[in-house]
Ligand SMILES: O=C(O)CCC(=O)C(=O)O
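Here we start with a single chain on its own, the form predicted alone, put down as structure tokens.
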């Protein structure tokens, strides 16, 4: 069992994001095989943004763990849940979902700055995503975070990755212009190798640039986990992403359903 050091856990709580180097190196081939299967057999909820002028695709899909055996093997056998438990400081860890994001060479759609939690049907502070790259990622193409933004107490308006709003008239304020005012924010990020991970809270603002490389792809597997104080949030009249169409939980209930197994 991997035991995280005190500084790593403190950085996660202070900044809302922390790099974990080399923890999942033994799982790179398994996850690559899973993503290949997923891209060949996408779900009905897949989103694909085609790059312009011959650029590659930005492929995103989620909630496939129950049909992609490589995903199941990683989620239940890799020790990722224990890493999440240590970071959150909780007794329990549940699977929320997995999310695969592939930027092929020349994929010119950036991942816009956003928080994850406003998209979701859950509320609470005991949350962690483990974003695991399966290719070398230099600093200039990596996922970035605004350190400490998970403590701002704000929900920003969710957008699709092509910058169209997920919901009209949701009453939320737009994400601030971080790229245009980088000197005003504490932006952090790391060069990463396959099998590294970045752990971050669902409320932490984050984004990533387009993949301007014409030869290197950027595959990433993101595992979303829930801790003790998270509750189901029924957002009337609001589209959530993922949609979780079959969940019958009531607002404020513990997130205890077959879709969210206890890990």
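Positions refer to the first chain, counted from 1. Source: prediction; values computed, not measured.
We do not show the form predicted in complex with the named molecule, though everything after this point is about it.
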Exercise for the section: Given that the partner is absent here, state which listed stretch (204 to 212, 227 to 235, 36 to 44, 61 to 69) has heavy atoms within 4.5 Å of the named molecule in the model of the complex. Expected result: 204 to 212
Handout entry: 4.5 angstroms heavy atom contact with the named molecule in the model of the complex for residue 126
Key = no
Practice task
Consider residue 74 of the chain shown here, and say whether it contacts the named molecule in the model of the complex, taking contact as heavy atoms within 4.5 Å.
Solution key: no
Handout entry: Contact of residue 131 with the named molecule in the model of the complex (heavy atom, 4.5 Å)
Key = yes
Handout entry: Contact label in the model of the complex: residue 111 to the named molecule, heavy atom within 4.5 Å
Key = yes
Fill in the blank from the handout: Answer key, the named molecule contact in the model of the complex at 4.5 Å (heavy atoms) among 161, 190, 152, 185: the residue is 161
Handout entry: Listed residue (122, 143, 93, 146) with a non-hydrogen atom within 4.5 angstroms of the named molecule in the model of the complex
Key = 143
Practice task
Note that the named molecule is not shown here; using its position in the model of the complex, name the residues of 93 to 108 with a heavy atom within 4.5 Å of it, in sequence order.
Solution key: 101, 103
